[in-house]
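Here's a solo chain for you in structure tokens, the form predicted on its own.
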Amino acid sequence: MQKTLEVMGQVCPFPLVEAKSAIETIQSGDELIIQFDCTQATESLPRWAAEAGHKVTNFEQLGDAAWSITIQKK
């Protein structure tokens, strides 16, 4: 299953805070897709995922200042 978290327009650290909360609502092996436009989150989201033991399965730039990251819950 996939869940999408749309945090466009939110300033850091809110995309990370929202992601931490959202990942608790999905099952192990499910994916959380986070769409964001906060530059700092391009580093903080993958770092958090790795530290928490989750797997980044996709990370792409959607536009000049917009990204999508898919994190599979451990």
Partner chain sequence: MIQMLITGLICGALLGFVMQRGRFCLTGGFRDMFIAKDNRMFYALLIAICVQSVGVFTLIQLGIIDFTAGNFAWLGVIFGSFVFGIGIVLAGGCATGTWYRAGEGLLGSWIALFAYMLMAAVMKTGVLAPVNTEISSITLPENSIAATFGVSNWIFIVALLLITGGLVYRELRKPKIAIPSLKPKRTGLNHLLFEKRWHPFVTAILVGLIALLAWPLSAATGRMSGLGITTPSANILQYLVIGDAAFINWGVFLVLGIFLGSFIAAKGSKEFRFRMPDKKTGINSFIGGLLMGFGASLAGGCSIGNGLVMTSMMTWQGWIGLLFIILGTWTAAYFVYVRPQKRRASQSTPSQQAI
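Computed from a prediction, not measured in an experiment: that's the story for all the values here. Residue numbers count along the first chain shown, from 1.
Here the subject shifts to the form predicted in complex with the partner chain, a form of this protein not shown in this document.
Asker: May I ask you to state whether Gly29 is within 4.5 Å of the partner chain in the model of the complex, using heavy atom distances?
Answerer: No, Gly29 stays farther than 4.5 Å from the partner chain in the model of the complex.
Asker: Tell me, yes or no, whether Gln35 is in contact with the partner chain in the model of the complex, where a contact means a heavy atom of each within 4.5 Å.
Answerer: Gln35: no, not in contact with the partner chain in the model of the complex.
Asker: Using a 4.5 Å heavy atom cutoff, which residues in 43 to 74 contact the partner chain in the model of the complex? It's fine if the answer is none.
Answerer: Contacts from 43 to 74: Glu43, Pro46, Arg47, Ala50, Glu51, Val56, Phe59, Glu60, Gln61, Gly63, Asp64, Ala65, Ala66, Trp67.
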